[in-house]
Every structure is written in structure tokens, then in C-alpha cells.
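We begin with a single chain expressed as C-alpha cells, specifically the form predicted on its own.
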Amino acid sequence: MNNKIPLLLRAMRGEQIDRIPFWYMRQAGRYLPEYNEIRRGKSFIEVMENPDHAFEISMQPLRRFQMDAIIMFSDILTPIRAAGIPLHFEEKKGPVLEKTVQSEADLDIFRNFDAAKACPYVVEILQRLRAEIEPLPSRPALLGFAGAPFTLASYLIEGGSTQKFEKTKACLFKDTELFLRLSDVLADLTIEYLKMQFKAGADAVQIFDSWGGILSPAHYAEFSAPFTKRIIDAIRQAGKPVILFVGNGSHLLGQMNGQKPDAISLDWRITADQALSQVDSEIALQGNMDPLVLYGTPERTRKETLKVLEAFGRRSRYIFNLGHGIHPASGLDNVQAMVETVKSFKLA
């Protein structure tokens, strides 16, 4: 075995490994007191676009828990803001976009997107992270990420987060051609953005289709899958690995499998047997513990972690993760219990 190749990448390739790799979504964030110390008195964008702050925040979970991947601290809306859509983050409301897409003319802002020029801070963050971890004897994988076109398009139509998606679905069914053209230009932008991340040092990337699960299988096939597949194809043709995550997307797993990513990140609404029957053996699985298990006790956290490991862990190509992002009120004792359980799980 080549220990200079990160354990997570070796697991994705199906190579023999001595333990299960792990990381978890939103691992750099508000559940860590050291994160909140940096954030104090600063806006989310101030922190995210400051390479010193973003580097430090990205490193914090590694220093505390020694997971097998670092994911850069950023946001899926970073390239949207960089392309010229003004937005800000409100504490309880989340992202608020100050301009929305309402016509074909609004798409011009996304064309000819130059990721390195638009997001130099992302380049610097990744380069600094890679330089920091490269000398480590068993270094973690460095992960970049981007939002899927459907999710980004929904933000651009709604103007922010929503529970109902009324504007998005009105656009799907009334202005179908506009939505498809918007998704097409966002796919081009995302390919450019992810290729830039690889040039800056990322080992792999994850596509977050956070809102894809609001779609029926037929509508996912029409409005999301073709665009994420185009991104996946472009990244894989460049010889780079890509993970696909669809929030609340268990009913779409067969279509996710059909897009042929290197790995699929599962939410907690699907059993191991269901997932194993729908995903090809050459595609890695990632997941899928309910993040709110971490609101329980350390003892219960160990039991729940072990259940996931026993269900998935002896499958070739498996990465332990939560089924969605870690919540801010998660107990650090519970996180520690989860980490220790994963690290001590015996594959043999």
C-alpha cells in the first residue's frame, strides 16, 4: 500500500485498506468553539473570503479529530457571488440574493466565467491547505466542492432559502426553457470552478445537489440529472474523482448511480440493503448516519455509528459520513465517540 495516497482515495478506488476512512459534511463550522471564536464580530462572507480565516477554519476539525479528509471552508454560492450576483447571509435566514434570474438576459453574467480570476481566495485557500498537509506521513485527502446546477438555479430564482420552492417549480413548469438554459450555463460555470479547484490542489470534489430531493424521479431526470451528469463526465474525463450528494434524494438513487460518479453520498433515509442493491460495485458509497444522532448521548452515538459501520463497512469502496451536515448544537463528546468508534472498527 502507498500511504502517500490518502486513505479516502484508496477506499474510493477499491484498494485494500486497513480501516474505514471518514469525514463529515460541515465538519468545519458552528459546533466547534474555535470556529465561533474566529467568527465573533465578523460576517460569514468576511470569514469565507479571507484566506487566513478560511484556512484556519478548514484545519480546525483535522487538528481536533484527525479525520481522513479536509473540505475547504466555503459555500456553494461562492461562484454565484463571484460571477456578480450580490448576496449576503443573515443569521437566521441564511443566504439572501439581492438579484434573481427572471429572464434570458439575466444569464449573461454567468457566461465566460473565469474561476481563478473571480475566486482568487479559493485558489489560495486550497494551495495553503495542500502545502500544510502534504508533508504528513498519512495525509488526509483535500476536498473541494460545488453546488449542483439545480440547487444553484433554485437559489437564483427564489432569492434565498425556502421550504416551498413555489417560484422554482413555477419556473420549471411555466418557463421551462429559461430554467434549462440557466442550468446549462451553471453547469459550464461549475465545470470551470471545479477544474480550478483541482489545479489549486484538491484531490477530489463533491457536488452538492442540496435541493435535488424536492423533485420527483421524472422531474429529476428532466431538470437536474442531465446537468450534474455533464459535470461528472467532464471531471472524470480529466482523470479526477467526484462524489455526488443529493439532499433527501433516496428515491433518486438509481438515477444517481446512472450518472456514474466515483462515489455517492447517501442520506439516512435509506437502508444499506436498499443502497447496495441499487449502486454498482465500482461506485463508492459514503454515509449515512442521521446527524441528529449527535444530539443523543455518547453511548447511543457509539451504538448508532456501529450500526452504520456493520451495515456498510465491509463493502469495498466505503467512506463513513453523516447523511447531511453536522448540526451546530451537536455535542463534542458525541462527535468524539463517533470518531473513536469509526477508528476502532475492525475490517477483518
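Note that the structure is predicted; figures quoted are calculated from it, not measured. For every residue, the number given is its place in the sequence shown, counted from 1.
Beyond what is shown, the protein has a form predicted together with a small molecule; the following relates to that form.
Check: With the cut-off set at 4.5 Å between non-hydrogen atoms, does H324 touch the small molecule in the predicted complex?
Finding: It does: once the small molecule is placed as it appears in the predicted complex, H324 has a heavy atom within 4.5 Å of it.
Notebook entry, point to check: If you check in the predicted complex, is S74 within 4.5 Å of the small molecule, heavy atoms only?
Noted result: S74: yes, in contact with the small molecule in the predicted complex.
Notebook entry, point to check: Is P95 one of the residues lying within 4.5 Å of the small molecule in the predicted complex, judged by heavy atom distances?
Noted result: Yes.
Item checked: Contact of F89 with the small molecule in the predicted complex (heavy atom, 4.5 Å) -> Output for F89 is yes: heavy atoms within 4.5 Å of the small molecule.
Next item on the list: Let me know the one among R64, R300, K307, R26 whose heavy atoms come within 4.5 Å of the small molecule in the predicted complex, would you?
Entry: So the residue touching the small molecule in the predicted complex, by this definition, is R26.
Check: Do all of H251, Q255 and R317 end up near the small molecule in the predicted complex, with near meaning a heavy atom within 4.5 Å?
Finding: No.
Next item on the list: Could you tell me which stretch in 219-227, 272-280, 153-161, 170-178 has residues with non-hydrogen atoms within 4.5 Å of the small molecule in the predicted complex?
Entry: After filtering at 4.5 Å, what remains is 153-161.
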